[in-house]
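What follows is a single chain, given as structure tokens, in the form predicted on its own.
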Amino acid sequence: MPTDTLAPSDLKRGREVELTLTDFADRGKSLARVGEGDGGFVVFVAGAVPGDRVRARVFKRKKGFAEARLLEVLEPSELRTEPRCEYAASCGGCKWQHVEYPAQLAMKGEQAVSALTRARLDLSAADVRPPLGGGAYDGSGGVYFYRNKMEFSFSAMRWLTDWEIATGEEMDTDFALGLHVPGRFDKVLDLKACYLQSEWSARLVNGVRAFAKAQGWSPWHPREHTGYLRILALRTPGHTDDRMVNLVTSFYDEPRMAAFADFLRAEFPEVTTLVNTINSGVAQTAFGEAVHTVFGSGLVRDKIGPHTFEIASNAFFQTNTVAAEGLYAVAREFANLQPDDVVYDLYCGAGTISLFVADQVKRVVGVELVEEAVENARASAEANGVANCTFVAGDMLELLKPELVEEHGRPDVLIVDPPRAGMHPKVVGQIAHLRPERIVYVSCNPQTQARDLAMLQEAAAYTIEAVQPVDMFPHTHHVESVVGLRLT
């Protein structure tokens, strides 16, 4: 039953329907509208593109919306393209490869701006810029092989794609090394190719898989919580030739690591450091209770702007080096920095933004909860000869008080780059009380950014001067948003 003859009452669970998709939606989905009145009843379809006419099966029905599973594309949209990766339909790494990149970029720009307008923020005086992404950073194209860090999971529960099943070949389902299937913590695709990090890293993944299977090493079983191999984490910096392999295992086995080191030296001599993280817990993460450096320094180096950063296996660093430089350049521009400015960089992490702006201002004060990140920031400032940055470790609620201002001076500029959850309402209130002349809010979640800015404008008279969406992760639904504000 096509969209124009459907009524919302037809959208029962299990029903097959024809839908014409009209708009992008959140998290890689598109939507169709069924019926009349107030925009129609919304049906979300993952894997579809606005302009597609599709056959789909309803699998969820709620009061305000339904979700349907794509069965067949009857008429493809002009925005649709053939994915480069054969795993694209099953993998969670880059779910939008079937969408032409200019359309992805336009959608992300709309997503960032609409979050602000839905929060009733006034953009009438703002310079709302087209989204920045892909080759806009450096002319490289940058929509594949853009990540400097990847984590590939080992699993004793392999997921077979439809096309793998269709081959009729007998496959080993007890060993996989790759990425998780969306929504499944237990199932992992055994990836033979990946276009997120580099061709070299894909070759290394295939080599490590073959080596581990030949050695008889057991992969992690996510339900039984057994097995030796857990995660293969790779760091390939954007601006140096350093290469890190971090093999995460459930226990320490020195002879095995010696054999693995010999394998890497012989087959992948480009690896500059090998570390072994021990994670004996239940959660499948690359963090653990111990880190052993097997060879090399245990670090890699990368550059953002003129500064070089040392990055440990468990340290945070922007995953897309080239895009991070573009993002930071926007933040610096929106801050309108002056030589006598005191800048507070809140949620500063390892201090990358702090150091990026330091040469244009009098002083930068970075505030961060994670002590290890603050230690990295201090070390990077010293290594790069930056003397006007001070880094403070602690909870933002406790630190952002008059005592901090008395010690370091009232900020002229505030740069905030909080986690996806945004800022605590009391922190927003503390910022309003400080009343810095300029604020730059960098966010990986436009919805929480809009919420925080609405609270800020209720407490103090700030005007939004500029908005810049930034695509750090092509072929995903994620978008960064940079907003510049000025006290009026």
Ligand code: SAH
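One-based numbering along the sequence shown. Bear in mind that the values here come from a model prediction, so they are computed numbers and not experimental data.
What follows is about the form predicted together with the named molecule, which we do not show.
Residue (of Asn246, Ser77, Gln97, Gln318) lying close to the named molecule in the model of the complex, criterion heavy atoms within 4.5 Å: Looking at Asn246, Ser77, Gln97, Gln318 one by one, just Gln318 meets the 4.5 Å heavy-atom criterion.
Among the candidates Ile353, Leu229, Ala112, Cys91, the residue which, in the model of the complex, approaches the named molecule to within 4.5 Å (heavy atoms): The option sitting close enough to the partner is Ile353.
Proximity to the named molecule in the model of the complex (heavy atom, within 4.5 Å), stretch among 193-201, 256-264, 169-177, 391-399: Single hit among the candidates: 391-399.
Gly142: touches the named molecule in the model of the complex, heavy atom cutoff 4.5 angstroms: Contact check for Gly142: no, nothing within 4.5 Å of the named molecule in the model of the complex.
Cys348, heavy atom within 4.5 angstroms of the named molecule in the model of the complex: Answer yes; at least one heavy atom of Cys348 falls within 4.5 Å of the named molecule in the model of the complex.
Pro222, heavy atom within 4.5 angstroms of the named molecule in the model of the complex: Judged by the heavy-atom cut-off of 4.5 Å, Pro222 is well away from the named molecule in the model of the complex.
4.5 Å heavy atom contact, Tyr101 to the named molecule in the model of the complex: No.
In the model of the complex: members of 404-419 within 4.5 Å of the named molecule, any heavy atom: Those in contact are Asp417, Pro418, Pro419.
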